[in-house]
Every structure is written in C-alpha cells, then in structure tokens.
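The chain below stands alone, shown as structure tokens; this is the form predicted alone.
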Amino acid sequence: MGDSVSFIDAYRRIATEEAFAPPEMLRMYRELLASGRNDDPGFMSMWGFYSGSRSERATFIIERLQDLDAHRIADMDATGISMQVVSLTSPGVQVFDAETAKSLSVLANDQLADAVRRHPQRFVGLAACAPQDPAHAAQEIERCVRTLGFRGVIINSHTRHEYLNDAKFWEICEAAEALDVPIYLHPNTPSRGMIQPLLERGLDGAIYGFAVETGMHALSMITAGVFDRFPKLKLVLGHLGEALPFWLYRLDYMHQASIRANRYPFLKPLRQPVSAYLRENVYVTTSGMPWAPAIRFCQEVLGDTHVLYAMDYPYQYVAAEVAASDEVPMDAECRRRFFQTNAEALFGLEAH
C-alpha cells in the first residue's frame, strides 16, 4: 500500500506538522456543539464550520483527517512526501472535561500507533495528552514514547483558556524533557479572553488569530522561566515560529526594559535574553508558509538546524507549495537538513 520511501535527489521530504482525527472525536465535537454546553467561542467558530459545511474544502479536510491509510499515502506519494510526523488535530482533547479528555487521548494515541505499525516507513506519531490532568498527561506521554514508540508531544495551545506558562502544567514539560522528546505547540483558536476583536473581523483562524494566540503562548512560556527550569526542553512552533523570529530584537529590548522598570512584579529576570531561548530551545517548521524570503530569514536568525519542512496536511495540501519549498535558495547540505536531517535529529528518526 505505497510503503516504499520516496527519495528526491539527495534528500527525502519529512513533513512535520500533519494532522489526523479519530472519527470518535469528530462525533464528540458535533455532540458538544449541539449540546450548548461549550463556552469556547473559538471552538464554535472553527468546528461549527468544519462540522457542518459541505464545501469542497471542509469535505476534503474531514475525510482526510480520518484516513491513515490509502488516501493519505496516495497524497504523500503525489507530492513526494516520504514521511509524515502525525499529530492530533486542534483542539484535540483539550476542549473537553478532564475525564473525557483522558480517555479520548488514550484512544487517539492507540489509533495512531496502529497506523504507525501498519506503515512504519511513512508515519511517526506525536503523543496527545490531557493537560486538564497534568499527572495523567505525563504518564500518557511516557506510555506513548516508551511503549508506542512516539517521538514527541502535541499540545494544541490553550487548554480551556489556560496556558503552559502556569506551573501547574509543568509536569508535562518535565516528562518531555526527561524523555528527550519535543513538544509541538500547535495553534488553537484564541482563548476566550483574547478572541472577540479577532472573531468580529473574521481574523480568529489561520489567517492571523492562530499566530497571535500561539506566539503569545510560546513567549509566555519563555518569560515565565519554563526554559530556565527545563533547559533541555525542546519546543516546536509551526508557521515559521508564529511570527516570533521577526521580533527578536524588540522582544529582547522590551523584556529587559520591563525588568529594569519593575513594571510587572510577576515578571522576573531570566538567565538569558528572550532571543537566546528562541534560538536554543525552539525549532520552527514551515507549515503553511512555503515562502522563500521568510524561510531564509528564519534560517539566518535561528540557524539552519532549527528550521524544518512541514506541509500542514490536510488543511493546506497544495502540490505547488511543495515545489516552491524545493526551490528555496540554499546549498545542498542546508537543503538536506531542511527537508530531512533536522527532523531526523529532533524527532529521533535516524532508525527509520
């Protein structure tokens, strides 16, 4: 079933932000929307559309999210993708109550593990977890890495409007660091406290709101001292870092100015400038951003070992974008790192 690995010249393409969804979870999304019990306007905006729309885009995405076999592999073969790093689509289980989220994360991980066993040369999994119960989340991450062979963790940004900068979630960070696997911080629609002006203008989704929300989340982890506490923790951001690489100078300047002024009593000095954590602990992927000037900029300011290829399947499945990524100006060794060896090193894929 298409399990041969495609090689393109001197490198293979490993796509690192590729989504799936168990049918059971999509059914529960529909039930949650119909119940009237959900208080997340972002979830209602995003999944209210995808659950009910019969548009070509929505139909394709819903079908492909649930497929971990022939159709997905055919799409990969058609665009020269050798391997997908597959993770649970946003918001995953993070929109549910704790007990539901825990059971659903186990179900999703087991389904993904079955797919990886069927197609070990084509898929590798990231572990979903329920941050609603950090201790259970840490245990599930360990099960997925040690028993199922997963190579990272997916966190779909905020969990019922709460963020990983809060120390109550740090068991998740501790587990990922101890297991030497990265956390992929994937976008979610903005949380209740920040979404309204974006929603009113149709900007709450991938066009802008995702980057605003997830960039803020990652930055808040840095300023809260998460990477001082867990210096070996690796964080992955899609969409070329949710705009943070373009703000490196100002982030350093204004953070240090705020510390000197003691403007926020809760904001404490860090061991390094903000930009140092972005260069050392953060990796960025090109999901949805196959744009040469931005890719080259990120390689320049973050280092070309910290920039990886991603497609954002099935939300942004465009064959021409793969060709555009192939044509980004870089030397042969840099190109091989970009498409292949950076992902192999970050996700521990050398054996695949």
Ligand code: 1DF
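Don't overthink the numbering: it's just position in the shown sequence, from 1. Note that the structure is a prediction, hence the values are computed from the model and not measured.
Another form, the form predicted in complex with this ligand, is not on view; read the next lines as being about it.
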| task | Just give me the single entry in 186, 72, 122, 158 that has a non-hydrogen atom within 4.5 angstroms of this ligand in the predicted bound form. | result | 186
| task | State the residue from 50, 317, 283, 43 whose non-hydrogen atoms include one within 4.5 Å of this ligand in the predicted bound form. | result | 50
| query | For the spot marked by 213, 250 and 277, is every residue within 4.5 Å of this ligand in the predicted bound form through some heavy atom? | reply | no
| query | Should residue 167 be classed as touching this ligand in the predicted bound form when contacts are defined as heavy atoms within 4.5 Å? | reply | no
| Hey, in the predicted bound form, does residue 132 get a heavy atom within 4.5 angstroms of this ligand? | no
| task | Using a 4.5 Å heavy atom cut-off, state whether residue 37 contacts this ligand in the predicted bound form. | result | no
| said: My question is simply whether residue 109 lines the interface with this ligand in the predicted bound form - judged by any non-hydrogen atom within 4.5 Å. | reply: no
| said: Looking at heavy atoms inside 4.5 Å, which stretch does this ligand contact in the predicted bound form, given the options 110-118, 229-237, 97-105, 205-213? | reply: 205-213
| task | Note that this ligand is not shown here; using its position in the predicted bound form, name the residues of 79-101 with a heavy atom within 4.5 Å of it, in sequence order. | result | 89, 90
